[in-house]
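A lone chain, given as structure tokens: the form predicted alone.
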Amino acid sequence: MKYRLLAVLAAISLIVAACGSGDDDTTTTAAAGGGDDGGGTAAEVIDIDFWVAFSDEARLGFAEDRAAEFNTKHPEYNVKVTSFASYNDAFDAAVLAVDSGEPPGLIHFFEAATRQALDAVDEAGNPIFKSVTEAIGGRSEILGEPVVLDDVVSAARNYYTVDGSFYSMPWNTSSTVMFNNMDMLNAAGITEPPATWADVEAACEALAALPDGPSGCITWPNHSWFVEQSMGQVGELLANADNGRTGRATEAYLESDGMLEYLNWWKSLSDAGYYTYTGLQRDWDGTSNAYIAGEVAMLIYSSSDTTFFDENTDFTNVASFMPRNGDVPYVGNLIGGATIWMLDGMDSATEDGALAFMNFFSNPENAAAWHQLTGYIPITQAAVDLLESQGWYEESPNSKVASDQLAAAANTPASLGALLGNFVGIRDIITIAIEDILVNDLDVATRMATANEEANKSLTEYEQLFGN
């Protein structure tokens, strides 16, 4: 069957308009889109391509090692991991692969692409991706691998459940936390990590008064995800239809009170010399390097690198909840990260192999090991229980902060985050607007009014293509 990833193509065009093996002789490939029911013969090995949007040695190596273990345990299958440098690169490759009729079996997509993935159809108008819940069909084990989907922790379960179904298998799930150089903060008389915006301001004032204080106070990447987090904290929606969760979102809210208050606070920190902007959008490396080098005392960042900061700082590094507006009741922070999507159209043997691998991949031991390697939250309750029984959180208390923060969130559309058409492009619109505000000293309300027009134009064009 020939596939077209129409939603991806549309998203790419909208973004542009808005502004971007060594198989042995006994192995035969079973294409993800076809094959005889029942798979191959006893002499054949069924290949399952798994496309991963990681290229670093640690995270890619984890995926490769788990695939190798699964292949040893199930020699009738050969899960093959292919690396991509980013989620967007995986998207681009998916466009080519599905259109050529040779899609992989499993693809690693990020959370902002959920709406686009759900809207992707083949030439006959059928969804390209198959619901993992539907494919499992109520089974408790597949090829001897226990099904873990029902044990996924609530934050990921609530975000990725659409119309009562998991359409993808959660894998790397994170939240925003703040990392604190407590040696610096203690020197300035600050004994606890700042919890509110006012606390951050007070800490920055105290740090600035030190004769040998850091050159800056706080930093975080200029990325729309942090804006989305702040909207969740104060319970405000990013889009209508309950953030696209009770219907299709048709209007973005980039001029809400919560949005403007957060961006004005961000700008005030920058104007005071407290916030360090590296000058690059989405600069994860630059901001983390500034924190490690002692140029700032606080870093708001993804919890996915908790282990990295624990291992690579030579000061007392303490993780805490993302600071919030203390004048507004707290609602909750959102998740970030990605899931594993399964292409529809596989024969039954290939599909069962893909399902078995996904559940093996996130069994308690593997989910716990993934968390320890990175800082992404343990994705199932059984993994959490395993880590607690091993004393992991007593040894590494920073590793529990993201899970605690997500557990503290109310289950509301605001704290779940948005399911939004062309979310990738709308995130770019927000990020570009923030850079204009920080670098060109633009008025927040004026600049966000323009961004709101751009976002709604992009969303309207998307919905004209896919809304029906």
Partner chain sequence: MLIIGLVVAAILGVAYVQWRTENPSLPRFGMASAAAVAGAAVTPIAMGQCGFAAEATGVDNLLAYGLMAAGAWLALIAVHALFDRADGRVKEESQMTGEIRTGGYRMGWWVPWVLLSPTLIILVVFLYYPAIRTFTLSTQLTRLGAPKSVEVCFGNFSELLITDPVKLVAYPLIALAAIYGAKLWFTRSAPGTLSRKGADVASVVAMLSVFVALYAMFSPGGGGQVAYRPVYINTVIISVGIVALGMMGGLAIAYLAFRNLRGGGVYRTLLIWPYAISPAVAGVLFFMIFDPTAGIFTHAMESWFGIDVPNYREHAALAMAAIILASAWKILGYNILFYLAGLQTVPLEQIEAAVIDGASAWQRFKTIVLPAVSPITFFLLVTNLTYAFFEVYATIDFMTKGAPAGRTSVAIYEIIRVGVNTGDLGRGAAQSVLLFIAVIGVTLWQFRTSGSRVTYGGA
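Just so it is clear, the structure is predicted and the values come from calculations on it, not from any experiment. Positions refer to the first chain, counted from 1.
Quick note: we don't show the form predicted together with its partner chain, though the next part is all about it.
- Heavy atoms of no residue among 183, 191 and 337 are located within 4.5 Å of its partner chain in the predicted bound form.
- Only one of 290, 81, 149, 386 lies close to its partner chain in the predicted bound form, with a heavy atom inside 4.5 Å, and it is 290.
- Among 430, 424, 416, 406, the residue placing a heavy atom within 4.5 Å of its partner chain in the predicted bound form is 424.
- Using a 4.5 Å cutoff between non-hydrogen atoms, residue 280 counts as a contact of its partner chain in the predicted bound form.
- Looking at residue 68, you'd find every heavy atom of it more than 4.5 angstroms from its partner chain in the predicted bound form.
- Proximity of residue 121 to its partner chain in the predicted bound form: non-hydrogen atoms within 4.5 Å are present.
- Taking the partner from the other structure, its partner chain in the predicted bound form has no heavy atom within 4.5 Å of any heavy atom of residue 64.
- Look at 84 to 92, 194 to 202, 297 to 305, 251 to 259: in the predicted bound form, residues with non-hydrogen atoms within 4.5 angstroms of its partner chain sit in 84 to 92.
- Annotation for 431 to 450: interface residues with its partner chain in the predicted bound form are 432, 435, 436, 439, 440 [heavy atom within 4.5 Å].
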